[in-house]
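In C-alpha coordinates, one chain follows: the form predicted on its own.
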(Lines give C-alpha, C1' and ligand atoms only; values in the text may rest on other atoms or scores of the structure.)
Protein backbone atom coordinates (compact mmCIF):
# COMPACT_ATOMS: atom_id res chain seq x y z
CA UNK A 1 0.00 0.00 0.00
CA UNK A 2 2.83 2.35 0.83
CA UNK A 3 4.58 1.58 -2.47
CA UNK A 4 1.42 2.49 -4.38
CA UNK A 5 1.14 5.78 -2.51
CA UNK A 6 4.75 6.65 -3.30
CA UNK A 7 4.20 5.78 -6.95
CA UNK A 8 1.16 8.03 -7.25
CA UNK A 9 3.04 10.77 -5.42
CA UNK A 10 5.88 10.61 -7.95
CA UNK A 11 3.38 10.71 -10.82
CA UNK A 12 1.50 13.70 -9.43
CA UNK A 13 3.55 16.42 -11.26
CA UNK A 14 2.92 14.75 -14.64
CA UNK A 15 -0.83 14.21 -14.20
CA UNK A 16 -1.82 17.87 -14.81
CA UNK A 17 0.42 17.97 -17.88
CA UNK A 18 -1.14 14.77 -19.19
CA UNK A 19 -4.61 16.14 -18.56
CA UNK A 20 -3.95 19.47 -20.30
CA UNK A 21 -2.04 18.16 -23.32
CA UNK A 22 -3.65 14.71 -23.61
CA UNK A 23 -7.13 14.40 -22.17
CA UNK A 24 -8.49 17.84 -23.07
CA UNK A 25 -7.42 17.69 -26.77
CA UNK A 26 -8.87 14.18 -27.05
CA UNK A 27 -12.22 15.30 -25.61
CA UNK A 28 -12.21 18.28 -27.95
CA UNK A 29 -11.62 16.05 -31.01
CA UNK A 30 -14.32 13.69 -29.73
CA UNK A 31 -16.84 16.53 -29.61
CA UNK A 32 -15.82 17.91 -33.04
CA UNK A 33 -16.23 14.41 -34.52
CA UNK A 34 -19.99 14.70 -34.03
CA UNK A 35 -20.17 18.14 -35.63
CA UNK A 36 -20.38 19.58 -39.12
CA UNK A 37 -17.82 22.35 -39.05
CA UNK A 38 -16.17 24.07 -41.97
CA UNK A 39 -14.86 27.49 -41.03
CA UNK A 40 -14.77 28.64 -44.68
CA UNK A 41 -18.21 27.35 -45.67
CA UNK A 42 -21.29 29.50 -46.19
CA UNK A 43 -22.29 28.67 -42.62
CA UNK A 44 -19.08 28.54 -40.55
CA UNK A 45 -20.87 27.67 -37.30
CA UNK A 46 -20.73 24.23 -35.69
CA UNK A 47 -23.79 22.09 -36.31
CA UNK A 48 -24.49 18.88 -34.42
CA UNK A 49 -24.60 16.01 -36.94
CA UNK A 50 -25.03 12.99 -34.71
CA UNK A 51 -23.06 10.10 -36.29
CA UNK A 52 -23.14 11.43 -39.87
CA UNK A 53 -19.36 11.85 -40.07
CA UNK A 54 -18.81 8.25 -38.99
CA UNK A 55 -21.43 7.01 -41.46
CA UNK A 56 -19.59 8.78 -44.26
CA UNK A 57 -16.41 6.87 -43.41
CA UNK A 58 -18.02 3.54 -44.29
CA UNK A 59 -18.72 4.71 -47.85
CA UNK A 60 -15.60 6.82 -48.36
CA UNK A 61 -13.44 4.93 -50.86
CA UNK A 62 -10.49 7.28 -50.40
CA UNK A 63 -10.49 6.78 -46.63
CA UNK A 64 -10.77 3.00 -46.93
CA UNK A 65 -7.98 2.92 -49.51
CA UNK A 66 -5.73 5.08 -47.32
CA UNK A 67 -6.48 2.83 -44.36
CA UNK A 68 -5.58 -0.28 -46.37
CA UNK A 69 -2.35 1.34 -47.56
CA UNK A 70 -1.45 2.28 -43.99
CA UNK A 71 -2.03 -1.25 -42.70
CA UNK A 72 0.08 -2.69 -45.51
CA UNK A 73 2.83 -0.16 -44.86
CA UNK A 74 2.82 -0.88 -41.12
CA UNK A 75 2.94 -4.64 -41.71
CA UNK A 76 5.95 -4.59 -44.03
CA UNK A 77 7.81 -1.90 -42.07
CA UNK A 78 7.35 -3.36 -38.58
CA UNK A 79 8.03 -6.95 -39.66
CA UNK A 80 11.22 -5.91 -41.46
CA UNK A 81 12.40 -3.87 -38.49
CA UNK A 82 11.80 -6.70 -36.02
CA UNK A 83 13.65 -9.28 -38.13
CA UNK A 84 16.53 -6.99 -39.06
CA UNK A 85 16.75 -5.53 -35.55
CA UNK A 86 17.00 -9.01 -34.02
CA UNK A 87 19.87 -10.06 -36.28
CA UNK A 88 21.71 -6.81 -35.64
CA UNK A 89 21.18 -7.23 -31.88
CA UNK A 90 22.64 -10.73 -32.11
CA UNK A 91 25.58 -9.27 -34.03
CA UNK A 92 26.23 -6.67 -31.35
CA UNK A 93 26.23 -9.41 -28.71
CA UNK A 94 29.53 -10.61 -30.20
CA UNK A 95 32.91 -8.90 -30.13
CA UNK A 96 34.41 -7.80 -33.45
CA UNK A 97 36.77 -5.02 -34.58
CA UNK A 98 35.11 -1.63 -34.79
CA UNK A 99 32.05 -2.71 -32.79
CA UNK A 100 31.75 0.57 -30.90
CA UNK A 101 32.10 2.66 -34.05
CA UNK A 102 29.55 0.57 -35.93
CA UNK A 103 27.06 0.80 -33.04
CA UNK A 104 27.43 4.59 -33.03
CA UNK A 105 26.88 4.86 -36.78
CA UNK A 106 23.95 2.46 -36.57
CA UNK A 107 22.23 4.59 -33.91
CA UNK A 108 22.62 7.94 -35.67
CA UNK A 109 19.31 7.80 -37.64
CA UNK A 110 17.42 7.95 -34.34
CA UNK A 111 18.63 11.49 -33.65
CA UNK A 112 17.51 12.80 -37.05
CA UNK A 113 14.13 14.53 -37.22
CA UNK A 114 11.58 12.66 -39.36
CA UNK A 115 11.12 15.64 -41.67
CA UNK A 116 14.89 15.73 -42.26
CA UNK A 117 14.84 11.99 -42.99
CA UNK A 118 12.16 12.51 -45.62
CA UNK A 119 14.06 15.42 -47.19
CA UNK A 120 17.29 13.39 -47.28
CA UNK A 121 15.63 10.43 -48.94
CA UNK A 122 13.98 12.78 -51.41
CA UNK A 123 17.43 14.01 -52.45
CA UNK A 124 18.65 10.42 -52.72
CA UNK A 125 15.80 9.32 -54.97
CA UNK A 126 14.96 12.30 -57.21
CA UNK A 127 15.73 11.42 -60.86
CA UNK A 128 18.59 13.36 -62.43
CA UNK A 129 20.04 14.33 -59.04
CA UNK A 130 19.90 11.46 -56.56
CA UNK A 131 22.51 8.67 -56.55
CA UNK A 132 19.98 5.82 -56.28
CA UNK A 133 18.31 6.35 -59.70
CA UNK A 134 21.70 7.02 -61.31
CA UNK A 135 23.51 3.90 -60.09
CA UNK A 136 20.52 1.59 -60.44
CA UNK A 137 20.21 2.64 -64.07
CA UNK A 138 23.96 2.52 -64.73
CA UNK A 139 24.73 -0.81 -63.05
CA UNK A 140 21.47 -2.73 -63.44
CA UNK A 141 19.68 -0.88 -66.22
CA UNK A 142 16.75 -0.36 -63.83
CA UNK A 143 14.64 2.79 -64.12
CA UNK A 144 13.97 4.08 -60.63
CA UNK A 145 11.42 6.89 -60.40
CA UNK A 146 9.17 7.08 -57.34
CA UNK A 147 7.17 9.91 -58.88
CA UNK A 148 6.07 7.62 -61.73
CA UNK A 149 5.90 4.03 -60.45
CA UNK A 150 3.49 3.13 -57.66
CA UNK A 151 5.29 0.05 -56.32
CA UNK A 152 8.62 1.84 -56.20
CA UNK A 153 7.12 4.71 -54.22
CA UNK A 154 5.46 2.40 -51.71
CA UNK A 155 8.48 0.22 -51.03
CA UNK A 156 10.77 3.25 -50.87
CA UNK A 157 8.68 4.61 -48.01
CA UNK A 158 8.96 1.21 -46.30
CA UNK A 159 12.75 1.13 -46.74
CA UNK A 160 13.01 4.70 -45.44
CA UNK A 161 11.03 3.80 -42.32
CA UNK A 162 13.13 0.66 -41.80
CA UNK A 163 16.33 2.69 -42.13
CA UNK A 164 15.10 5.27 -39.64
CA UNK A 165 13.65 3.05 -36.90
CA UNK A 166 15.52 -0.26 -37.04
CA UNK A 167 18.16 1.13 -34.60
CA UNK A 168 15.40 1.57 -31.98
CA UNK A 169 14.38 -2.07 -32.39
CA UNK A 170 18.03 -3.15 -32.27
CA UNK A 171 18.69 -1.30 -29.01
CA UNK A 172 15.52 -2.68 -27.41
CA UNK A 173 16.26 -6.28 -28.36
CA UNK A 174 19.93 -5.87 -27.50
CA UNK A 175 18.99 -4.86 -23.96
CA UNK A 176 16.61 -7.81 -23.76
CA UNK A 177 19.22 -10.27 -25.05
CA UNK A 178 21.81 -8.95 -22.59
CA UNK A 179 19.44 -9.61 -19.67
CA UNK A 180 18.57 -13.21 -20.58
CA UNK A 181 19.74 -15.88 -18.10
CA UNK A 182 22.55 -18.14 -19.31
CA UNK A 183 21.43 -21.33 -17.55
CA UNK A 184 18.68 -22.37 -20.03
CA UNK A 185 21.04 -21.99 -22.98
CA UNK A 186 23.82 -23.94 -21.31
CA UNK A 187 21.39 -26.72 -20.38
CA UNK A 188 20.03 -26.85 -23.94
CA UNK A 189 23.54 -27.17 -25.38
CA UNK A 190 24.31 -29.99 -22.97
CA UNK A 191 21.13 -31.77 -24.08
CA UNK A 192 22.25 -31.52 -27.71
CA UNK A 193 19.78 -28.88 -28.98
CA UNK A 194 20.71 -27.17 -32.25
CA UNK A 195 20.63 -23.42 -32.88
CA UNK A 196 17.13 -23.37 -34.31
CA UNK A 197 15.72 -25.37 -31.38
CA UNK A 198 17.42 -23.05 -28.91
CA UNK A 199 16.04 -20.01 -30.71
CA UNK A 200 12.48 -21.36 -31.03
CA UNK A 201 12.06 -22.91 -27.60
CA UNK A 202 14.24 -20.66 -25.40
CA UNK A 203 15.30 -17.36 -26.98
CA UNK A 204 11.99 -16.45 -28.61
CA UNK A 205 9.77 -17.17 -25.54
CA UNK A 206 12.11 -15.19 -23.30
CA UNK A 207 12.16 -12.28 -25.75
CA UNK A 208 8.38 -12.13 -26.21
CA UNK A 209 7.79 -9.28 -23.70
CA UNK A 210 10.47 -7.12 -25.35
CA UNK A 211 9.25 -7.98 -28.86
CA UNK A 212 5.66 -7.24 -27.86
CA UNK A 213 6.56 -3.84 -26.42
CA UNK A 214 8.63 -3.00 -29.50
CA UNK A 215 5.84 -4.04 -31.86
CA UNK A 216 3.37 -1.88 -29.91
CA UNK A 217 5.60 1.19 -30.18
CA UNK A 218 6.49 0.72 -33.82
CA UNK A 219 2.94 -0.20 -34.85
CA UNK A 220 1.54 2.97 -33.33
CA UNK A 221 4.27 5.07 -34.96
CA UNK A 222 3.83 3.42 -38.37
CA UNK A 223 0.06 3.92 -38.37
CA UNK A 224 0.44 7.66 -37.81
CA UNK A 225 3.39 8.39 -40.10
CA UNK A 226 3.04 11.73 -41.89
CA UNK A 227 6.10 13.98 -42.12
CA UNK A 228 8.61 11.50 -43.61
CA UNK A 229 6.27 10.36 -46.37
CA UNK A 230 5.07 13.90 -47.00
CA UNK A 231 8.62 15.09 -47.65
CA UNK A 232 9.50 12.05 -49.79
CA UNK A 233 6.46 11.54 -52.01
CA UNK A 234 3.76 13.98 -50.89
CA UNK A 235 1.36 11.04 -50.92
CA UNK A 236 1.98 10.28 -54.60
CA UNK A 237 2.21 9.26 -57.28
CA UNK A 238 -1.53 9.79 -57.31
CA UNK A 239 -2.64 8.35 -53.98
CA UNK A 240 -0.14 5.46 -53.90
CA UNK A 241 1.45 6.59 -50.62
CA UNK A 242 -1.38 8.67 -49.17
CA UNK A 243 -1.42 6.96 -45.80
CA UNK A 244 -4.13 7.70 -43.29
CA UNK A 245 -2.21 10.51 -41.61
CA UNK A 246 -1.70 12.30 -44.91
CA UNK A 247 -5.33 11.74 -45.87
CA UNK A 248 -6.54 13.25 -42.59
CA UNK A 249 -4.21 16.21 -43.09
CA UNK A 250 -5.66 16.84 -46.56
CA UNK A 251 -9.20 16.76 -45.19
CA UNK A 252 -8.54 18.96 -42.16
CA UNK A 253 -6.27 21.67 -43.59
CA UNK A 254 -6.80 22.20 -47.35
CA UNK A 255 -10.52 21.28 -47.18
CA UNK A 256 -11.02 22.61 -43.61
CA UNK A 257 -13.55 19.86 -42.89
CA UNK A 258 -12.79 19.66 -39.19
CA UNK A 259 -15.70 17.44 -38.18
CA UNK A 260 -14.99 14.75 -40.76
CA UNK A 261 -11.24 14.90 -40.09
CA UNK A 262 -11.86 14.47 -36.36
CA UNK A 263 -14.04 11.44 -37.04
CA UNK A 264 -11.29 9.87 -39.14
CA UNK A 265 -8.76 10.55 -36.39
CA UNK A 266 -10.98 8.87 -33.80
CA UNK A 267 -11.57 5.80 -35.98
CA UNK A 268 -7.83 5.52 -36.65
CA UNK A 269 -7.10 5.73 -32.92
CA UNK A 270 -9.75 3.11 -32.21
CA UNK A 271 -8.37 0.71 -34.84
CA UNK A 272 -4.84 1.18 -33.47
CA UNK A 273 -5.98 0.32 -29.95
CA UNK A 274 -7.93 -2.71 -31.20
CA UNK A 275 -4.97 -4.04 -33.20
CA UNK A 276 -2.59 -3.69 -30.26
CA UNK A 277 -5.11 -5.30 -27.91
CA UNK A 278 -5.65 -8.25 -30.29
CA UNK A 279 -1.90 -8.76 -30.57
CA UNK A 280 -1.47 -8.63 -26.80
CA UNK A 281 -4.47 -10.90 -26.14
CA UNK A 282 -3.25 -13.46 -28.68
CA UNK A 283 0.20 -13.66 -27.15
CA UNK A 284 -1.13 -13.85 -23.58
CA UNK A 285 -3.69 -16.52 -24.51
CA UNK A 286 -1.02 -18.62 -26.16
CA UNK A 287 1.21 -18.31 -23.10
CA UNK A 288 -1.63 -19.31 -20.77
CA UNK A 289 -2.47 -22.28 -23.01
CA UNK A 290 1.09 -23.54 -22.82
CA UNK A 291 1.06 -23.21 -19.02
CA UNK A 292 -2.18 -25.19 -18.83
CA UNK A 293 -0.68 -27.99 -20.91
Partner chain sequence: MYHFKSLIASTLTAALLSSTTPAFADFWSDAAKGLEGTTIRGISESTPPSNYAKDVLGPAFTKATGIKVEFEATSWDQMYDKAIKDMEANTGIYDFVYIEQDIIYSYLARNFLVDVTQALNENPNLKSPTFDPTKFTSFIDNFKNDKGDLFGVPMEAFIKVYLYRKDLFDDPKIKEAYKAKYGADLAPAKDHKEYRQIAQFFTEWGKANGQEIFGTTVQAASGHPAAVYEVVESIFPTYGVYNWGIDTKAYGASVANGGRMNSPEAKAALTWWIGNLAYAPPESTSSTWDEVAATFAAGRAAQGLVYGENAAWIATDDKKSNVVGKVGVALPPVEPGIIEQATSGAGYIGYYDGGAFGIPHSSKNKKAALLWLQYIGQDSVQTDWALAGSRITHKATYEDPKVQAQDKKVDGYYTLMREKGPLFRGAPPFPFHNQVREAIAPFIYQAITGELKPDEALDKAAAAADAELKNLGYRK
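Residue numbers count along the first chain shown, from 1. What you see is a predicted model, and the numbers here were worked out from it, not measured in a lab.
The same protein has a further form, the form predicted together with the partner chain, not shown here; the description that follows concerns it.
Task: Residue among 193, 126, 112, 79 with a heavy atom within 4.5 Å of the partner chain in the predicted bound form - done: Exactly one residue meets the criterion: 126.
Task: Check all three, 150, 237 and 256, heavy atom within 4.5 Å of the partner chain in the predicted bound form - done: Checking in the predicted bound form: 150, 237 and 256 are all within 4.5 Å of the partner chain.
- [ ] Choose one stretch from 36 to 44, 22 to 30, 66 to 74, 261 to 269: the one whose residues place a heavy atom within 4.5 angstroms of the partner chain in the predicted bound form.
- [x] Partner-contacting stretch among the options: 36 to 44.
Open item on the list: Please tell me whether any heavy atom belonging to residue 54 falls inside 4.5 Å of a heavy atom of the partner chain, as the geometry stands in the predicted bound form.
Closed with: Because no heavy atom of residue 54 falls inside 4.5 Å of the partner chain in the predicted bound form, the answer is no.
- [ ] Tell me, yes or no, whether residue 250 is in contact with the partner chain in the predicted bound form, where a contact means a heavy atom of each within 4.5 Å.
- [x] Output for residue 250 is yes: heavy atoms within 4.5 Å of the partner chain.
Open item on the list: Taking any heavy atom pair closer than or equal to 4.5 Å as contact, tell me whether residue 122 reaches the partner chain in the predicted bound form.
Closed with: Contact check for residue 122: yes, within 4.5 Å of the partner chain in the predicted bound form.
Open item on the list: Contact with the partner chain in the predicted bound form for residue 233, defined as at least one heavy atom pair within 4.5 Å: yes or no?
Closed with: Contact with the partner chain, yes.
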